[in-house]
Ligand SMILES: O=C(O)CCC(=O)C(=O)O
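Take a look at this single chain in structure tokens; it is the form predicted on its own.
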Amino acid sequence: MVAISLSPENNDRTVFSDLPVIDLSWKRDKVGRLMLKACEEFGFFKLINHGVPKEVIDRVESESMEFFARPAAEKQRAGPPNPLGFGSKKIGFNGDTGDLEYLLLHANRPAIYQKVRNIGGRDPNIFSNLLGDYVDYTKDLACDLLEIMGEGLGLEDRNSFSKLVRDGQSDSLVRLNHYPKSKEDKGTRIGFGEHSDPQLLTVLRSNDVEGLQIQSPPSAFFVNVGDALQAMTNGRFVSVRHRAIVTAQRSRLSMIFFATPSLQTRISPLSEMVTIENP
């Protein structure tokens, strides 16, 4: 289950609902139809048969857990977060805190290696190359999903969204979140507080430990609409607020690709999304 707040100002509109599951091996027109419905009604969906090799996912998860298991002094060589790099507890510039540690990097191989090489210990090429492979796969996946959305919306240029991510100046990010298990069982705690994602699209993979309060198929990705995509669709797609929780029993790892335009991109509703009914 995922908690969805349709309006940040109105907590009474929080609802709980099962997320739709979309199988990318289905016929493209069916996938597009269901994806549009999910983006309009939920802002979230689960994606299976997505084409990202299980071996790549498993190896990145293993290397990520190995990184977070290292002594604090070694991990901190990849920081401090400014905002990129290794961080713990403090999230962003607004004083937000969470019960987690994380590694936030620009989603390109040179930027990944630049941070990872400082960690020391094992050969940094192993971790950076695996993470680079994961980024390549999830970026292609995100762009494919954005193009299916463009087709479903009837855009003249189905690449209206994806070309912003494929742009060489894209500000896309990859984030590894590690939520350690607690030493004492104090029930659920906030791992990452309520927020919406500012980017176009988020593609998230977590290990088999609950976090978004969702029971996930083992190989599923969670995909959610970001604020920029809500703006470009003139509110037809919804960017919902969500949070991560942690429990005492097991640590949780999530690997997140944020599909993002360049920082110079002007975001506004596409002309095709502005109508008399939806001005």
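All values derive from a computational prediction rather than experimental measurement. Residues carry their position along the shown sequence, with the first being 1.
Omitted from view is the form predicted together with the ligand, to which the following refers.
Q: If we take heavy atoms and a 4.5 Å cut-off, which stretch out of 108-116, 140-148, 171-179, 127-135 is in contact with the ligand in the model of the complex?
A: Going through the listed ranges, the match is 171-179.
Q: Is there a heavy atom of residue 163 no more than 4.5 Å from a heavy atom of the ligand in the model of the complex?
A: Residue-level check for residue 163: no, no contact with the ligand.
Q: Quick check on residue 254: any heavy atom within 4.5 Å of the ligand in the model of the complex?
A: Taking the distances in the model of the complex, the answer for residue 254 is yes, it comes within 4.5 Å of the ligand.
Q: Does the 4.5 Å heavy atom contact test between residue 244 and the ligand in the model of the complex come out positive?
A: Although the ligand is absent here, residue 244 would touch it in the model of the complex, with heavy atoms inside 4.5 Å.
Q: Examine residue 192 and determine whether its closest non-hydrogen atom to the ligand in the model of the complex is within 4.5 angstroms.
A: Close contact exists here: in the model of the complex, residue 192 approaches the ligand to within 4.5 Å, heavy atoms only.
Q: Is the ligand in the model of the complex close enough to 197, 204 and 258 that every residue in that trio has a heavy atom within 4.5 angstroms of it?
A: Yes, the whole trio is in contact, each within 4.5 Å by some heavy atom.
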